[in-house]
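Next up: just one chain, as C-alpha cells, the form predicted on its own.
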Amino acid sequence: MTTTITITGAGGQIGYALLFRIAAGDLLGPDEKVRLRLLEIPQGLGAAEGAALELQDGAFGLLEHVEVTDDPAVGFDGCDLALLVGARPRGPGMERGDLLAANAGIFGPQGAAIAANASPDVRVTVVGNPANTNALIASASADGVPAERFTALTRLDENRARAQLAQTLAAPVDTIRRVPIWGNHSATQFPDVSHATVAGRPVTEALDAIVGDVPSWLTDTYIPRVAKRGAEIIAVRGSSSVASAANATLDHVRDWVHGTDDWTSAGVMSHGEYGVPAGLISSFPVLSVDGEWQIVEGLEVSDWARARIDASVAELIEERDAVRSLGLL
C-alpha cells in the first residue's frame, strides 16, 4: 500500500523539515510506502523543485514518487493526507481582518480542491496560522468532506507545555502525560495541568514541592512561557520555529493514523463539548480511535480553568465572525 501525502508550502522551511523525515518513515512507519505531492505558489516552485532533487538524492526506499506543482487539482489528486503548511504571514501594517482575508484566499480554494480531488477518506492537518480559523475556512469550502476530517495543529503547544513541566520537575518528558491544550493556537491558548501526571503522580503535587505556590507559578510563569514560546524562539533564533513545528506535525498525523493510548491535543470541530460553540475548530483533549479524533468528555473543569478556556474560545468566535463579515464563510 502507498499513501499519497500532499504538503502545501513545501518549498518553505517547515515543509523542508517535514519532507525528509516523511520519506525516512518517521510519519507512517518503516513499512509504509509514500508518494509526495509538493504544492507551492509559482514563486516557491524553485525551492520545492530543489527539495525534490534532494529527496531523489536521498535514495529513500519508502519514497515511490515526488511531484511538484502549483496546481491544487494536481497537488491534491488522490491525496490521503494533506498537510496545509503554507499560509500568509502577517506583514507590517496588516490588520487582523486583512490577514484573515488573505488566508481565506488560500485555504478556501484548497478546501474546494481537496473536496474535488482528494481520496474519499482524506485527513487534513492545518499548520499555517491562524491554524484554527484556516482549518474552519478550508472545511467550509470542502463540500461533501466531513468537517471532522479537518484539524488544526496544537500539538506543538502541547509538546512545549510538557517540555516545560519536564524541565521544572527534572523528569523525562515521556513521563509527563495528560497536558491538553484548550482553545486557539495563539497567545490565548490554555495549557491545562489539572489532570496531568508525572510518572503516574499528579503533576500539581510534584510542583508543590518545587515551586511552592502552584497557582501563582502557573499564572505568572508557566502559562505565559508556553503561550509565548514561539516569540521567544524568534527573539533568540532570529526566525520562527521550524524543526519543532515539523516534529509536532508528524506527532499529530502519526497519532491520527495509528491511534493513541492516552490524551493528546488537537484542534477539532466542536459539537458543543465543554460549552465551546458548535462549528468552531477548537483545541481539546482528544484520543485517536480507529482513525478518528474523539474529544475526551466528562472532565472536571474548575472556574479558574473555565475562565481561560472561555477567553481563548472568545478569540476563535471573533476570528470566525470576522471571516463571516467578509463573506468568506
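One rule holds for the numbers: they count along the sequence shown, beginning at 1. On a predicted model such as this, the values are computed, not experimentally measured, just so you know.
From this point on, the text means the form predicted together with a small molecule, which you will not see here.
#### Entry: Close approach of residue 156 to the small molecule in the predicted complex, 4.5 Å, heavy atom
Contact with the small molecule, yes.
### Query
Does residue 240 reach the small molecule in the predicted complex, with heavy atoms at most 4.5 Å apart?
Taking the distances in the predicted complex, the answer for residue 240 is yes, it comes within 4.5 Å of the small molecule.
### Task
Look up in the predicted complex whether residue 88 has a non-hydrogen atom within 4.5 angstroms of the small molecule, and give yes or no.
Yes, contact at 4.5 Å.
### Query
Hey, in the predicted complex, does residue 128 get a heavy atom within 4.5 angstroms of the small molecule?
Yes, residue 128 sits close enough to the small molecule in the predicted complex that at least one of its heavy atoms falls within 4.5 Å.
### Query
When you measure heavy atoms, are 41, 103 and 110 every one within 4.5 angstroms of the small molecule in the predicted complex?
Yes, because 41, 103 and 110 each have a heavy atom that approaches the small molecule to within 4.5 Å in the predicted complex.
### Task
Check each of 214, 147, 223, 99 and return the one that places a heavy atom within 4.5 angstroms of the small molecule in the predicted complex.
Flagged contact: 99.
### Task
Heavy atoms, 4.5 Å, the small molecule in the predicted complex: which of 286-294, 272-280, 41-49, 256-264 makes the cut? Say which one.
Selected stretch: 41-49.
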